[in-house]
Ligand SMILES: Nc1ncnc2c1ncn2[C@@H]1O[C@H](COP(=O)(O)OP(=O)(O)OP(=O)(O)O)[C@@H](O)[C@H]1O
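Next up: just one chain, as structure tokens, the form predicted alone.
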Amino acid sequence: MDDAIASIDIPGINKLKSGKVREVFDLGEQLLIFATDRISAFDYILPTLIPKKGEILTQLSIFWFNATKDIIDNHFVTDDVDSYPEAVQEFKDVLRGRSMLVKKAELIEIECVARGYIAGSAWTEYEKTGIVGGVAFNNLKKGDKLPSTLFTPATKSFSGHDINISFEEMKKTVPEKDAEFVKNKTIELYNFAHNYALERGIVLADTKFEFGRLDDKIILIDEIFTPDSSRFWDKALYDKERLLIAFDKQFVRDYLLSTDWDRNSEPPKLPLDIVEKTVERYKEALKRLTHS
């Protein structure tokens, strides 16, 4: 894909991290986060790029950071590339639309997951044990709405798969007061966005957040309510036929599961039609959620 971006380097600027999707640069008092068009699945970065994906993730995160700032402070500073430091101005055309300046914060190394519906790893756990996030349920079907929003934390893995843990286990590594705070904010953020998304034809099934410490405060960092960090379903099809039609990267996971890839070796390239349909779904999420 000629218009897709796999990575970026900025001479003279230290790249702190190259994650599955994002590149993080050190600008002194702030960080520059750049979203590429890479896509990951089953803990692998796929060899195929998804054009415009980085722009969509960035624009959705910025939208939600602004929409939720009354619930909790976040690390977003600006995406106005013309106001970026002089050291990166030469690259502003590449940075425009898919980057943001953020505050530096100390990462709390827990994935904070909110679940309003049973799907994904929660469904896998429930099928085996009848329990989700430490809570027992009877007769749930895949995709069912849960009686209330569940907080299901996981260990933060930088290379492999995140491991689900209990809230009690979380409190062994995060001070209890902080653990209670991020649990409550995770649920509050999810409930706010779930209700907002429903009005725009999307079921927000689950999502995950990252939090960090800045001075004496805990703030929201990384990304928020994007198709990479959330499970989005078409509300009309969910209500009518109980179809879990995704506006997120579950579509790519489902394709990979339909192939003979063993998920223990280098992943295959994505066919052009899968790439195009993935782009369409990400664009649809952006359109529904940000255009009133």
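For the two forms, the rigid core is made up of the largest set of C-alpha atoms that agree within 1.5 Å on superposition. It should be emphasised that the depicted structure is a prediction, and the values quoted were computed from it without experimental measurement. Note that residue numbering begins at 1 and tracks the sequence as displayed.
Heads up, the form predicted in complex with the ligand isn't pictured, but that's what we're talking about next.
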### Task
Would you mind picking the one in Leu95, Val102, Val174, Val182 that has a heavy atom within 4.5 Å of the ligand in the model of the complex?
Val102
### Message
Give me the residue from Lys142, Arg200, Lys156, Lys145 that has a heavy atom within 4.5 Å of the ligand in the model of the complex.
### Response
Lys156
### Message
Can you confirm whether Lys17, Val21 and Val24, the three residues that make up this candidate site, all sit within 4.5 Å of the ligand in the model of the complex, judged by heavy atoms?
### Response
yes
### in the model of the complex, Ile131 touching the ligand (heavy atom, 4.5 Å)
no
### Query
Can you check whether Asp206 is within 4.5 Å of the ligand in the model of the complex, heavy atom basis?
no
### Task
Classify Ala136 as contacting or not contacting the ligand in the model of the complex by the rule of any non-hydrogen atom within 4.5 angstroms, answering yes or no.
no
### Message
Whether Glu210 contacts the ligand in the model of the complex should be assessed with a 4.5 Å heavy atom distance threshold; does it?
### Response
yes
### Summary
With a 4.5 Å heavy atom cut-off to the ligand in the model of the complex, the contacting stretch among 259-267, 240-248, 220-228, 47-55 is 220-228
#### Entry: C-alpha of Ile45 moved at least 2 Å between the shown form and the other one on rigid core
yes
### Message
Superposing on the rigid core, I want to see if Arg231 changes position between the shown form and the other one - specifically a Cα shift of 2 Å or more.
### Response
no
